[in-house]
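Just one chain follows, in the form predicted on its own, and it is written as structure tokens.
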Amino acid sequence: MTSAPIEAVVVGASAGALEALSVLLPALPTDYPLPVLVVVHLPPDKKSVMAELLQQKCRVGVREAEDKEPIRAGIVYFAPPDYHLLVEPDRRLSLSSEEPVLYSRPSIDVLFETAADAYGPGLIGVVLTGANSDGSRGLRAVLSAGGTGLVQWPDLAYASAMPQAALDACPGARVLSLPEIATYLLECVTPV
């Protein structure tokens, strides 16, 4: 675990995301002291119900991010379909319709890289199940900034390509099961 105080968590997932997030996010207590920013690859032309579905299972607030809103602790923010979610240097959220990255908008790499710039060693990046390599470059940025990288065990993921690509790019990341990642996210904010 990093010695810097943890200030935020970023999570990226694709194929199998709902099942994986249904393990992680309901584990967070009502008073969880960190913001959690999430990118899930979704069809660009349809309304997402991901935040609504997970809000029914979670004690923390869960919703889609809005452009220019301040980031608040204890809230899980989802990138809306067809928009990149970015963290500004003043720690506000912003949405962008720039070109897709690795065919994806929202892009996990874009969120992780901008969050790494804003939070440095106070950031945890989590790469979960998925079928492409989005998140690898972003997780490398998190680690380069002194943050912590967590990756779901590829063999335990619904789709192993994304966590495996993250591990190949970031051998210093910790490899954990979903319950272990949930425990880590709880323990990193628990005073010793």
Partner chain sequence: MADKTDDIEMRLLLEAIYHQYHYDFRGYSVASVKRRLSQARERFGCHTFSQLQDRVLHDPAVLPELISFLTVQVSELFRDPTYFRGLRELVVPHLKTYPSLKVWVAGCSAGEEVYSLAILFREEGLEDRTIFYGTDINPDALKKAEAGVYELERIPFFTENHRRAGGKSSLSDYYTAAYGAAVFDKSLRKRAVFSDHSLVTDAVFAEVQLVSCRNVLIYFDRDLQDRAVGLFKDALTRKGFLGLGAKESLRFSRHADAFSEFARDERIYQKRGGP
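The shown structure was predicted, so the numbers you read here are calculated from the model rather than taken from an experiment. Residue numbers count along the first chain shown, from 1.
A second form of this protein, the form predicted together with its partner chain, is not displayed here; the remarks below concern that form.
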Its partner chain contact at residue 75 in the predicted bound form, heavy atom, 4.5 Å: no
So in the predicted bound form, does any heavy atom of residue 80 sit within 4.5 Å of its partner chain? yes
Does any part of residue 52 reach within 4.5 Å of its partner chain in the predicted bound form? Heavy atoms only, please. no
I'd like to know if residue 31 sits close to its partner chain in the predicted bound form, meaning any non-hydrogen atom pair within 4.5 angstroms. no
Can you check 33 to 41, 127 to 135, 60 to 68, 160 to 168 and let me know which stretch has heavy atoms within 4.5 Å of its partner chain in the predicted bound form? 60 to 68
Check each residue of 71 to 90 against its partner chain in the predicted bound form and list those with a heavy atom within 4.5 Å, in sequence order. 80, 82, 83, 86, 87, 88, 89
